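Listed next as structure tokens is one chain, alone, in the form predicted on its own.
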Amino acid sequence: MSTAIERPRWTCALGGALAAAAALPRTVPIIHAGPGCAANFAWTQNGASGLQVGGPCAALAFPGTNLQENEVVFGGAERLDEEIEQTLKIMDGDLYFVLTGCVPEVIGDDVDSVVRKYAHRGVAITSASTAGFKGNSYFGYEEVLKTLFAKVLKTKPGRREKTVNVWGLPPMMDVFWKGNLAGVKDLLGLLGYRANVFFGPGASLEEIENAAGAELNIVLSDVYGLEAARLFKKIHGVDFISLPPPFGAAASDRFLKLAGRRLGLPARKISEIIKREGRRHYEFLEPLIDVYNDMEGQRYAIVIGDVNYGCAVADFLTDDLGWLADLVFVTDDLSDDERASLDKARSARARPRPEIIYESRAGAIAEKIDGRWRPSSTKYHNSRRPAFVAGSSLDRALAVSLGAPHLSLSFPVSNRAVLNRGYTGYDGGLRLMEDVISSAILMR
């Protein structure tokens, strides 16, 4: 793992947990932490997620204990008790979610005892240990999932036929999470299944509470959410599959084949769905083909992003656009086990893939690119330079230095406004193609 942080592409565990809890339907997060945490996350996290700073109970509107010197010395449990009491009077919610920051966990506040007091009164309330020093945003996201699966879900719900659970796209850390989840719901709808996605528009706490009755869990990541999936299987007995987010037609085909097979659908039915959706997809794409060929659309590309975006975007550029995705920089601070899990998942797909370099430091990424494609004065040399950079807003300067077009896709994205845009599914692939090609022709 990295020994230093240079222009990090994540926040701390509390940041990821807050984003996830705030994205749950009718949920009021309560921060038990020192002053300033919510404001910092509002701008450094939500602002860098396509400018999604506001919300009825998000960003700057979180209830919080705002721990001071007195609580550090004498403990903050009493202050938390007071904050929960006042929050219940002022803020209307169906679930209250206490999240701890660094200060209360360092001083050893007994948060669970305070939360149990209100649970015994019939309040729908839970808590998760999400001190910032425990990990980054993705860790916090997973802690929220694990808390839901262990404390909120009913242990013996009724069987919910034709229903699957989907997670693996962390709110805010996946800048396009709302649109991406909607795209996956549409894909599963083609198979005749309803998707419980837990977060965002269309989700409900009733669905979350009854999630253990689903037929299958689908994790849209080779790393994020896998620990939670294993916990879900252990507690509730529901199996899971994992695969990258399906950006574009080729990945959507793979998604439908794998999900359909695990759900026991006839192969012929799955093939018919893929054929029908593919025909529709390429009808939209066809008018662009002549322009694409005329502008010599095939390019080398460098992809810089987290586990989900680094690999899935590279696959899209290769499979759907026919580009040569030469290098993929995975910027997450992954453990050796997580790297091994990702490498194993990639190799199991038995398809040629670009080289993956694990590097989170922006300066080191630039050095590796420059070292590999350093200009030569000799007559015959490999003159290829990355002709396109897909990354974050942090990578724009790199693209400018290379004279290459650039598109911000992976967190942080502070140079685009994002509402419900998403890139999953067949229609999402068309949107991604529009954005990529539009970015490329701006440099002509």
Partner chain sequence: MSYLDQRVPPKREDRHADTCLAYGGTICGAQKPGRVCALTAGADRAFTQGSICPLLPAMGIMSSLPDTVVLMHGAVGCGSCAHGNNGNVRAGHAARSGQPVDALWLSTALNEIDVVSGGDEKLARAIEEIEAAHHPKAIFVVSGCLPGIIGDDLDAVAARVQPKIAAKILPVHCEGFKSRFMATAYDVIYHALGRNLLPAPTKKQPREKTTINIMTVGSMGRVDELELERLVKELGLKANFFPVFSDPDSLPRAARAALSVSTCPTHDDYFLIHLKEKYGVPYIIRHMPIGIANTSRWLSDIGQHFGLGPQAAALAQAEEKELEKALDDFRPLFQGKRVFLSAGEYRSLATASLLRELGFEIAGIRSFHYDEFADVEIEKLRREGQDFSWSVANVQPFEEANLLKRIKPDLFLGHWHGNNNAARLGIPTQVIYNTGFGYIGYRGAYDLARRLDRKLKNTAFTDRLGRYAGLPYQKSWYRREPFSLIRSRA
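Heads up, when I say rigid core I mean the largest set of C-alphas that superpose within 1.5 Å between the two forms. Positions refer to the first chain, counted from 1. In this text, all values refer to a predicted model and were calculated from it rather than measured experimentally.
As for the form predicted together with its partner chain, it is not shown, yet the points below apply to it.
S.K.: Looking at Asn217, Thr87, Asn196, Ser360 here, can you tell me which has any non-hydrogen atom within 4.5 angstroms of its partner chain in the predicted complex?
M.R.: Contact check passes for Thr87.
S.K.: Are all three residues Tyr224, Ala250 and Trp323 in contact with its partner chain in the predicted complex, where contact means a non-hydrogen atom within 4.5 Å?
M.R.: The answer is no; none of Tyr224, Ala250 and Trp323 reaches its partner chain.
S.K.: Evaluate Ala417 for contact with its partner chain in the predicted complex, applying a 4.5 angstroms cut-off between non-hydrogen atoms, and reply yes or no.
M.R.: Answer no; every heavy atom of Ala417 is more than 4.5 Å from its partner chain in the predicted complex.
S.K.: Could you tell me if Phe74 has a non-hydrogen atom within 4.5 Å of its partner chain in the predicted complex?
M.R.: Phe74 lies outside the contact set for its partner chain.
S.K.: Quick one: is Cys12 in contact with its partner chain in the predicted complex, heavy atoms, 4.5 Å cut-off?
M.R.: Looking in the predicted complex, residue contacts with its partner chain include Cys12, since a heavy atom lies within 4.5 Å.
S.K.: Could you tell me if Glu83 has a non-hydrogen atom within 4.5 Å of its partner chain in the predicted complex?
M.R.: Contact with its partner chain, yes.
S.K.: Among 313-321, 335-343, 185-193, 129-137, which stretch has residues with heavy atoms no more than 4.5 Å from its partner chain in the predicted complex?
M.R.: Going through the listed ranges, the match is 129-137.
S.K.: Of 66-80, which residues get within 4.5 Å of its partner chain in the predicted complex if you count heavy atoms?
M.R.: Heavy-atom contacts within 4.5 Å come from Asn66, Leu67, Gln68, Glu69, Val72, Arg79.
S.K.: Is Asn46 displaced by at least 2 Å at its C-alpha between the shown form and the other one when the rigid core is overlaid?
M.R.: After core superposition, the displacement of the Asn46 C-alpha between the shown form and the other one reaches the 2 Å mark, so yes.
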